[in-house]
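Before any questions on binding or motion, here is one chain by itself as structure tokens, the form predicted on its own.
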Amino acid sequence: MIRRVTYLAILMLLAAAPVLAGVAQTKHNFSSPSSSPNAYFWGAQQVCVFCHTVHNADPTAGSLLNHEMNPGTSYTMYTSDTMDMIQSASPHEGSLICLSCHDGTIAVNSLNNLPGPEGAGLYGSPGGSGLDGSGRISGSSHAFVGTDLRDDHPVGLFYDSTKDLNFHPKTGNSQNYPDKLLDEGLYVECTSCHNPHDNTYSNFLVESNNSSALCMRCHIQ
């Protein structure tokens, strides 16, 4: 039994290693001034803890979320006279998790479950020009999105090409485009284009956008 448990533990560590290795080299490694020179926290020693926890995660969100969220935050959504698809009144989880840091209303190190003894609070002391003194993303930072989303790609958008023939129809297969980019298989959210764990294609894009290839997964030129 001991050998079996040890073997399973090794497999779990190996499975997690590529993700950890990827994040550790990106600006989402807030424990490292070298990886994230504009936004880091002195005294922080864990990489994943800024977003995830294996215990006492936020029960209202998925992904074992450890970062605090404010469900009362109000966003001004994108508007356009040419947008025919239906947009929700606010972003969904695939965007709210990202916005919980990037809208600048909550400190990046404001966690539900601190490392070590159980308890909510702040983890580490903020450093870098991208953060203000409270650990929130500064309004002058290129990573700041804010709560006014009118100048950003629409999110909370129910993808329905029957409303606009300038978009590729869904295939019904979550492994094919455009379906594989949609949050819950339904919505355009931040996670449709961005993967917070991997910055291979810069700006944390899910794939290369050379010649607007990523845009054309949904849009018809």
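The model shown is predicted, which means the values in this text are computed figures rather than measured ones. Quick note: we count residues from 1 along the sequence shown, nothing fancier.
Keep in mind that the form predicted in complex with ligand HEC is not shown, yet the notes after this line are about it.
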Legend entry - Residue contact check: Asp84 to ligand HEC in the predicted complex, 4.5 Å heavy atom: yes
Legend entry - Partner proximity in the predicted complex: Arg150 to ligand HEC, non-hydrogen atom cutoff 4.5 Å: no
Inset, instruction - Answer yes if any heavy atom of Cys215 is within 4.5 Å of a heavy atom of ligand HEC in the predicted complex; otherwise answer no. - result: yes
Legend entry - in the predicted complex, Asn203 touching ligand HEC (heavy atom, 4.5 Å): yes
Legend entry - Any residue of 138 to 166 that, in the predicted complex, places a heavy atom within 4.5 Å of ligand HEC: Ser141, His142, Ala143, Val145, His153, Pro154, Val155, Leu157, Tyr159, Asp164
